[in-house]
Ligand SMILES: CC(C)(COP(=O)(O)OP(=O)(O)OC[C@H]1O[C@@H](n2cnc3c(N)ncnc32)[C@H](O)[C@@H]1OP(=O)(O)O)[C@@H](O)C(=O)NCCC(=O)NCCS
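Form predicted alone, single chain, as structure tokens, below.
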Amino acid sequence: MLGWQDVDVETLRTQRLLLRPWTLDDTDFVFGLYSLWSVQQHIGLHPRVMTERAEAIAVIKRWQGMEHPIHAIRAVTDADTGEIFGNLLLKSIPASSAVTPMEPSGDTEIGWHFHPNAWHQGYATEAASAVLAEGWKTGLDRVVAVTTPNNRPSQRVCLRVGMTHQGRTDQYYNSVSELFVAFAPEP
């Protein structure tokens, strides 16, 4: 098995996609993506759209500052043209708690946010499959995904990438979510 130090987690390539780090040159896309209610309605306990470009800059800087050997938040782009389709994340997920900010749960979460123009193209499934495969190679043994109860499209992606629906949970983000879990394949 490869160790974390043996894997380049900066970029991943699939047949159609390049998953790469976000840069400040991507600010307009991030602001546009998270300014859409159709995207934001399923994100967070109290969803809200971005209203200022400075919010997008702050988010990108936070993503760039992640210091973990395999966790990353990546731009999902067309491998040939560089067009950005959305966001794929693999990160620590916070446990529900009365304390703010919430503490990490010890679990790793996979998630995605795509522009509506990129929906129904299989990009989320392709990108999530690549990130899960990379996670297994680097030593992860379990990954979770949570969705709002009515986010059927993301739930279908979870199932397509091999995750198992575990029912509803309130153990993450101080909210009730549908929980999906994937385990590393047996060697």
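Counting begins at 1, following the sequence as shown. Computed from a predicted structure; not experimentally measured.
FYI, the form predicted in complex with this ligand isn't displayed, but the following is about it.
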Residues Val39, Pro153 and Arg160 all lining this ligand in the predicted bound form, heavy atom within 4.5 Å: yes
Heavy atom within 4.5 Å of this ligand in the predicted bound form - the one residue of Ile43, Met50, Val59, Ala130 that qualifies: Ile43
Candidate stretches 115-123, 24-32, 131-139, 59-67 - the one whose heavy atoms come within 4.5 Å of this ligand in the predicted bound form: 115-123
Exercise: Arg16 in contact with this ligand in the predicted bound form, heavy atom 4.5 Å: yes
Non-hydrogen atom contact Val144 with this ligand in the predicted bound form at 4.5 angstroms: no
